[in-house]
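This document opens with one chain alone, in structure tokens, the form predicted alone.
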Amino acid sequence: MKKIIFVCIIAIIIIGCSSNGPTISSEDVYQGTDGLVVSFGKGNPPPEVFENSAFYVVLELANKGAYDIQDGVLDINYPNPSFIEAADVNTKSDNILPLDNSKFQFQLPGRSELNVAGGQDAIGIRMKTGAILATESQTATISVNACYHYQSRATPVICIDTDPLGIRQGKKACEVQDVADGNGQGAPVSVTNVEVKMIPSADANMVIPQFKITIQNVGGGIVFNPNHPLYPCNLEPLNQDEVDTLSDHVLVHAELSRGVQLDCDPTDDGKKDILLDMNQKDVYVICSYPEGIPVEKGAFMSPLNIALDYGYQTSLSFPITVKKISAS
């Protein structure tokens, strides 16, 4: 009977937050600073419970960014199992795979024109309390860490001017200027500004476009190396050298229209590995096209396609007071 009640509670929560079907929207899903948002269900868990009783913990997951999460890991740290332990787990769909009562794998689609709300799901856990040693009450904290790989995409339209000194006569199609974006790109790491410069080349017939791309961690979480399989939520301990090589890394890739790949780092794939911790206001990377653009092209507009790849960790916690049952 308890299991039936538990399933019904989870079903009511899920039905309340789901939509009737996909709705096409004109809203720009590539704005905002959220990625995965994890929250505790209203009233679950409660702030106070009694010893030797049961209660529920509901975790609601929502991908409020514009990139699909394919390989998320959610790790729950319970208090001392001698007086609080997880007894049963229930999930909404196949998007969440319980590995045990404390660790889950999940995937959630990002926001799109057909699904402007993004993917949503929930985890329900029935908890049991044991006897406590304190005379009146004992406080414990349930903490949650969620780790996932994500990507931010920015496509500012910039002006390429192969005559930066204005030697040629005639009106130009555009004027070189910096591009700022304070609205985010539907992700917790954002391109906030692009500074555009035209650099003279050793070849007088060519001009080298150069872009100073400013990046900021705007989501309030922790960035980690996207080449590692979700290490902040990994139970295996790491030494300090491993932590230093895995944390705070963002891979930057940029190209102009028609696949003109920019050089953001002297590597074969053109990607630049930069450090960006949660306390930094911003960092920047310089990307350029060293082959140059012929001066005969004049001035023209072009999209600058920027992709940021990174891992992201978000955390939350909830304190619970376990009260002693007074003797009759």
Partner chain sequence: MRKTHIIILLVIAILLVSCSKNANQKPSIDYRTGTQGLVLSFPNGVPLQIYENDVDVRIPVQIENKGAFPQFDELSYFTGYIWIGGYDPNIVGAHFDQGDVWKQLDPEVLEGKTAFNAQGGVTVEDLLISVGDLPTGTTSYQPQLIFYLTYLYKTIASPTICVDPQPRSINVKDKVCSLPDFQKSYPVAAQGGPVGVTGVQQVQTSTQMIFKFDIQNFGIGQVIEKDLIDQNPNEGYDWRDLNKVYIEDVRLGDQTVDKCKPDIGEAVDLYQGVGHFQCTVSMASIGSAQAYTTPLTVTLSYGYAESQFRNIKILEAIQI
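Only a predicted model underlies this, so the values are computations on that prediction, with no experimental measurement involved. Positions refer to the first chain, counted from 1.
There is another form of this protein, the form predicted together with the partner chain, and it is not shown here; the text below is about that form.
For the candidate set Gln105, Asn205, Ser257, Thr139, a heavy atom within 4.5 Å of the partner chain in the predicted complex is found for exactly one residue, namely Ser257. Taking Val285, Ala299, Val38, Val49 one by one, only a single residue has any non-hydrogen atom within 4.5 Å of the partner chain in the predicted complex, and it is Ala299. Judged by heavy atoms within 4.5 Å of the partner chain in the predicted complex, the contact stretch among the candidates 69 to 77, 209 to 217, 149 to 157, 176 to 184 is 149 to 157. Contact annotation: Thr135 falls outside 4.5 Å of the partner chain in the predicted complex, judged by heavy atom distances. A residue is said to contact a partner when one of its heavy atoms sits within 4.5 Å of a partner heavy atom; Asn305 meets this definition for the partner chain in the predicted complex. The partner chain is not shown here, but in the predicted complex it comes within 4.5 Å of a heavy atom of Ile167.
Taking the partner from the other structure, the partner chain in the predicted complex has no heavy atom within 4.5 Å of any heavy atom of Leu97.
Residues are counted as partner-facing when one of their heavy atoms sits within 4.5 Å of the partner chain in the predicted complex; in 100 to 119 these are Glu113, Leu114, in sequence order.
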